[in-house]
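So this first bit is one chain, no partners, the form predicted alone, shown in structure tokens.
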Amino acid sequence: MSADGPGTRSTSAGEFEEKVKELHQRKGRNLAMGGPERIAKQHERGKLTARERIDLLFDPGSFVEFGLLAHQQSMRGNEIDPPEKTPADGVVTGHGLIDGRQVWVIAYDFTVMAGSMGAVGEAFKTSRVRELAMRYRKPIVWLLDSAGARIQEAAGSTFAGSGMLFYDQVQMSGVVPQVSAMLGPCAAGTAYIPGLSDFVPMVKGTSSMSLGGARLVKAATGEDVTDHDMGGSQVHCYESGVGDNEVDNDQECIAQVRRFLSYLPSSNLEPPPWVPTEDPSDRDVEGLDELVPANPRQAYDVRKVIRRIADQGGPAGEGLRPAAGRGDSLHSNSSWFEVKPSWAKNLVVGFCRMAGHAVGVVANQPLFKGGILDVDAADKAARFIRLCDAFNVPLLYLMDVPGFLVGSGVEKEGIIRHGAKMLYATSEATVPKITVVMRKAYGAGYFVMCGKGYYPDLIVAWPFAEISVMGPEGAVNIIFNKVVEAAENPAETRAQLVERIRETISPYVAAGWAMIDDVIDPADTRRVIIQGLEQARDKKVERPWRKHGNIPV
């Protein structure tokens, strides 16, 4: 009889060691992923493995894995397939720290059945990660390198029980930040993951996403196209706008994920992280007279303005560290982080820091299309404004807008619907909003860029700004066209009328009516913005109860 009591079998020291040895063997086998040959092929494609990516994503030694011993279960009765077949069932899950904050991860392992989404991996492993991320209100990152659904397991009526992944993503939207790093193919089932995420960096040349892979498209439509041509970064970061930032390799992609998350709180219940800085809040913004022409028709790069007004250098103690050899080199170490830089270039959005606090920037870009707003620019702005508002990031509008693009072509594209989306987002936002009218503020462009009617917490203008329903030239063409035509010297008369109109749209007129809060020296822009943000730090907005609004789409 065992010393542990009747019917209890004692375990010898040898059996104990054997069981522990078996445990380590099983874990070691799954940690080896698809094996040396498949890992070598992954490297030959210029890609890191799922576990190498996780090592880069998290602070050293902080990753805790869930579900390492999972594997595909047989679809043939109760027979169990060998665990070697799908180590960890092709997806690595768990949590770790990014800059000391907990973040959850789902990393598809392309060395195991092309990272396909298996029943065990999806129904149990990744669903648990999504559940825990929501339970603890922590960000979630997908490292995507997957052929999509595992057809061997999904081709059948049991498919009727799938799809919870996307439902969960919708519930997480605006509650915790969601990031999809595109590190390889992402077809069919996995393609909606980035579509529902807050940030989607893509690796040039190796990543792609599409609702149907090349073989499926060939079978369904007869179109002969590659995954890359159909949905690579050149498509989604430049044309469709589904992708955000195009990067050169996996390492840069992971670095962008870490940086993006540094501007956001862990959930919508918290403020964004504050980072101490040695850059003075009252620093004059030098050189704007060299960057921004007073002539409203001349182009300039608004990103250079943003870099100069944003916090410079690293956190406190690192000082200002200018990096030579790059554009605008004196300010290339700015805290500015642009999102969607290659899509809808006539509008710039991104994050920076002001006095250590995260700020979301929406700025017209005169360098492209004169900064006019079109369908894509309105969509880009609306999406970013809502992201910032969801996660308590104050908004800074840098206005230099000639209005919305007009014409039969854009009307067919739905410019009214898309413009209304941006209008809706600006109206809906309850975070602190600061507006700086740098030059032009014409027509409905003034509205959507948070003009007076949209309750900015501070609205100021530079001394050569112009605020009007349209520019003086357009106003003369409409109001005084007959006067100009009848004049002895039409050109001279037109020029005189243009100057007369220009006097009426001066920022001093708006300031005289108290329709803007102040006209400021451009050199004071940083100080004024930071004062406005501090003024609105404890802002509270009460709105009538509603289930939700009906945003134009």
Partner chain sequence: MTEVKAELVGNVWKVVAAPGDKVEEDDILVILESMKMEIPVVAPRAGTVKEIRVKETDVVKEGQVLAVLE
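Positions refer to the first chain, counted from 1. It should be emphasised that the depicted structure is a prediction, and the values quoted were computed from it without experimental measurement.
One more form of this protein should be noted, the form predicted in complex with the partner chain, which is absent from this view; the next part is about it.
Inset, instruction - Please pick, from 272, 212, 296, 94, the one residue with any non-hydrogen atom lying within 4.5 angstroms of the partner chain in the predicted bound form. - result: Selected residue: 296.
Legend entry - Sole residue of 432, 451, 265, 471 within 4.5 Å of the partner chain in the predicted bound form, by heavy atom: In short, 471.
Legend entry - the partner chain in the predicted bound form reached by all of 108, 150 and 185, non-hydrogen atom within 4.5 Å: So, no: the whole triplet misses the partner chain.
Legend entry - Answer range among 277 to 285, 175 to 183, 141 to 149, 298 to 306 for contact with the partner chain, defined in the predicted bound form as heavy atoms within 4.5 Å: The contacting stretch is 298 to 306.
Inset, instruction - Look up in the predicted bound form whether residue 483 has a non-hydrogen atom within 4.5 angstroms of the partner chain, and give yes or no. - result: Judged by the heavy-atom cut-off of 4.5 Å, residue 483 is well away from the partner chain in the predicted bound form.
Inset, instruction - Mark residue 416 yes when one of its heavy atoms lies within 4.5 Å of a heavy atom of the partner chain in the predicted bound form, and no otherwise. - result: Contact with the partner chain, no.
Legend entry - Contact flag, residue 397 vs the partner chain in the predicted bound form, heavy atom cut 4.5 Å: Outside the cut-off, so no.
Inset, instruction - Tell me, yes or no, whether residue 442 is in contact with the partner chain in the predicted bound form, where a contact means a heavy atom of each within 4.5 Å. - result: Yes.
Legend entry - Contacts with the partner chain in the predicted bound form, stretch 393 to 409 (heavy atom within 4.5 Å): 402, 403, 404, 405, 406, in sequence order.
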